[in-house]
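Only one chain is shown below, in structure tokens, and it's the form predicted on its own.
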Amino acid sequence: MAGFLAKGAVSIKDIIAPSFIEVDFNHLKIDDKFYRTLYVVGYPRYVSANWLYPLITFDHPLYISMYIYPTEAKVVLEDLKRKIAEMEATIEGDIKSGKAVDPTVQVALDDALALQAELAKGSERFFQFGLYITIPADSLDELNQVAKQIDSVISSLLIIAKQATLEMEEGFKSTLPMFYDRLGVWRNIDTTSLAMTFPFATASLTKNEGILYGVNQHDGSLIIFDRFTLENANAVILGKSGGGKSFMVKLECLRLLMMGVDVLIIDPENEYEKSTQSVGGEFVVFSANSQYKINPFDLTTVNPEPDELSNKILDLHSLMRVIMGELTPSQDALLDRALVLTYRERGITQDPETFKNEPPLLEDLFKIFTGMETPEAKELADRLEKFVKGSASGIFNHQSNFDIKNPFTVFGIRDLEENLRPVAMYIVLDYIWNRVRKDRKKRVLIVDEAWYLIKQKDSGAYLHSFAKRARKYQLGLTTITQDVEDFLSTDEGKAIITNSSLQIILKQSTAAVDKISQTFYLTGGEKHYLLSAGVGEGLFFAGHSHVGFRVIASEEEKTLIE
């Protein structure tokens, strides 16, 4: 006994219980929170589907409890029979005495007769229904203010509610998820009305901050969202050609700029040139004769990471595989030695101080291969020659002469050969990555036609690693593709989708919709919606919520974009 007492008499209930409860006649105070319970005594005569939606989606936490008790049809029919007889007698008495018949009694009689017929046929059942609402608040003033707002909302629904005056404790207990109905304020309700009361509600994606993405197709609410509030700011946009992807992305860019977010775009088709001119952005054209140059060997000199050079060499491994194609293990080892030697020739080692030296060029690596005088080194030099001395030499074999200064910067690569675009996209991505790490601020990087990168394993893996690391530097990566089937069939494509908290699926073709349904676990209705959606319509996924939506823009925005 002594040992038991020594352990103390504190139970689990004692640990989770509040420190105090103050019961007032029209509210409760539990610790620092205030609560007030309302119970519904009057309902509208007719209700439509989801009629409680304004209450369920009210912009304040509420505890709403519905108590449903089945009743015996026999008992209800007997009560109805008695009520009908009373109402008929009242009407007959009014007629005999020469009075006008009370219209409310006549309406009630008609409803009762219709319900009696439905119950007798067995097409309706009867229930007793109780609806209680508890309002939590941080202060008494807030509680009174929210209670007035709630009263206004439910009055607009033709509901009459009363405060559980002197029964606040019972009311609070009745709205806890324990099926503990202490108020017992019920109303008879039939099956149809009860079904209409079921709280169907679509996900609400209307926030107090962010940009407008479109209109919720289910309830007409605006989708206002800040992608930087999610666990990462990455987005994936999938849609068939002509589905409205480009328009939606351009619209998002305009609105992000207004919120002070920098926008960077890799544009394989020069689609964003007009938008760039409209907002005073900078359009950087990459071609053999372009004035803009980017050196893939550039190193970060401001706050470099401890393994900066090693990581750069690993990135260059991937780039060289994009340039040269598949490499054997011995060629890969040879490439590694050549890259280390190329930097060492410029006096660059693991010491961050040496990063200030002028970085090597692609032709320096070519010279290293040539100087090795082995068949494998010669083969690698031959594969690289096109980019040093051949048709592509004017693009990637110069020191960088460009820096990102404009908040809206687009890299246009349409004028490059088809097979050079993945190389250019990779080099631009790497260049942007170095700039992003140097100066942290909210940015969104848009990679249009991402399939160019995903279709090659090394560049796809780099894009995936980019998506994983972006959050750390306040960067949101937007990946856009119309090659949905091919994108989803690769491990890198699936991984990018997994690492994107915002996913937007626009109108789809019948060939791609099955693959999308499997990946996103869509219902049959959502699958049909994607097939029948119009331009600019689709599904909007944000975190764990998703809704059908439609992109909307003002006339001024359309003028800037189109």
Ligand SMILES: Nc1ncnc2c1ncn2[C@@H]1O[C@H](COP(=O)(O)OP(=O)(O)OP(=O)(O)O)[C@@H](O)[C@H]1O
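Bear in mind that the values here come from a model prediction, so they are computed numbers and not experimental data. In case it trips you up, residue 1 is the first one in the sequence shown, and so on.
The form predicted in complex with this ligand is left out here; the points below concern that form.
- Between 471 to 479, 241 to 249, 181 to 189, 159 to 167, the stretch whose residues reach within 4.5 angstroms of this ligand in the model of the complex through a non-hydrogen atom is 241 to 249.
- The candidate spot formed by E449, V551 and E562 is fully in contact with this ligand in the model of the complex: every one of the three has a heavy atom within 4.5 Å.
- By the criterion of a heavy atom within 4.5 Å, E271 is counted among the residues contacting this ligand in the model of the complex.
- In the model of the complex, this ligand lies within 4.5 Å of some heavy atom of V535.
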